[in-house]
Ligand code: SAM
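In the block that follows, a single chain appears as structure tokens, in the form predicted alone.
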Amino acid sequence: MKFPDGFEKRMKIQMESEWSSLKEALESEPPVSIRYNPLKFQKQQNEFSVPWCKDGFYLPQRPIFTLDPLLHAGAYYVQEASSMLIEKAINFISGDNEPKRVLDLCAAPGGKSTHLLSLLNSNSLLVSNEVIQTRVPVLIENLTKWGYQNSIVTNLDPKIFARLEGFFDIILVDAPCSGEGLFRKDPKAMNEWSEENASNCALRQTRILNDILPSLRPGGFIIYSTCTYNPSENQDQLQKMSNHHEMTSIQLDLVEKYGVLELSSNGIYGYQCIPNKTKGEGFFMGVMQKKSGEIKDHKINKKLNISIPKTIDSSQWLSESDNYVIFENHENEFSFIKKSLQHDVEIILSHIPVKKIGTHFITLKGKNILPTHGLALSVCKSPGLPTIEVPLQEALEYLRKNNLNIEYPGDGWKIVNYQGNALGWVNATSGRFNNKLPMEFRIRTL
């Protein structure tokens, strides 16, 4: 592997005696890891477990994930193991298991957002934001597959969140960076690297942090992470937060257990994964706590439209339907979210534009009620909804949006299951199946 000259020169100084073993590790095959959805798929801990993530597992080799229906069902997410380290930060700062207001600022494609949803109390509210508009659909798709109801999706520049002053308990900033930690996994990252680009990334990261910190409540925490080794994009960003925003650094117990490097200077603690020490790619993380600030009382001037037609019986579709508020998010399109979250959602609606709230579960078309793909994949759906269990080949045909070649189960809407996990709906009518998988969810491989 031929590294950029500027990168290798800096790393020899930065890593000292570690550089030769790191370089050797970077020339080896990267590990493959996934993280299971705890509400859809349970797996016992074993020798393949990612030690810092209770639902993380290594695979002996990389399969063709596209041809595994369980991926499309949201039973697991393909995620780099080192980035799962945020679980330890979340567990440390939310150990009381109380509901939290959480922002994932740079969320697409959704790996860390789905991880956060698995870790947080179900009465917590997650706002998943993606700045780049073209990346929002994949974020929504992955959140839909994961199946949780307690999330909002936004597409905003970080500075817009200043309208929600002091609102969030936790903000995750997985910042855009020079990508040095991905060189082994993604040669494109190495080809795009330059010292100028790394410097520009550091300037962008500082701006992002300056813009987002006003929305963190006093006493709240920011988790800052990158997939690079560059101190100007890592420890230096934590130091700037401490110097200019009255933030204090939090020390985590990660070093001895997991082989993570603890980088400490001037009371600032950062944690670096390097492939010769940890089984994963290069990843950096630090946790900062806001010392002071004013508690803000946020006004509500925009409420959810909960005037729903009497024809909608949510108990037909949702488990424990009394726990949810049903609202019309667009004309004749209805979504749900926990009643305990309604106040926080209405605060957000009153201050910033949103792309998606909760789970869209039914659409009215004339007198007909049409269930949605989001409902099929939801962990909140009624267990009494009719299902069809199909084998692998039929599951793949369904995911290609083809017809099913199985015994006709009778008329009506039915959820297609594979190994007990929902893939989507069919509407069986007059002896034939109408495949209701959304076009954007279909697989295109043979």
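Keep in mind that what you see is a predicted model, and the values were worked out from it rather than measured. Note that residue numbering begins at 1 and tracks the sequence as displayed.
Heads up, the form predicted in complex with the named molecule isn't pictured, but that's what we're talking about next.
If you check the named molecule in the predicted complex, you find no heavy atom from any of Pro371, Gly424 and Leu437 within 4.5 Å. Heavy atoms within 4.5 Å of the named molecule in the predicted complex are found in one stretch of 274-282, 188-196, 105-113, 322-330, which is 105-113.
Among the residues Leu216, Leu254, Ala175, Ile268, the one placing a heavy atom within 4.5 Å of the named molecule in the predicted complex is Ala175. Proximity to the named molecule in the predicted complex, taken as a non-hydrogen atom within 4.5 angstroms, holds for one residue of Glu233, Glu130, Glu80, Glu180, which is Glu130.
The closest heavy atom approach of Leu120 to the named molecule in the predicted complex falls outside 4.5 Å. Interface membership of Pro158, defined by any non-hydrogen atom within 4.5 Å of the named molecule in the predicted complex, is confirmed. Using a 4.5 angstroms threshold between heavy atoms, Leu164 stays clear of the named molecule in the predicted complex.
The named molecule in the predicted complex comes within 4.5 Å of no heavy atom belonging to Ile223.
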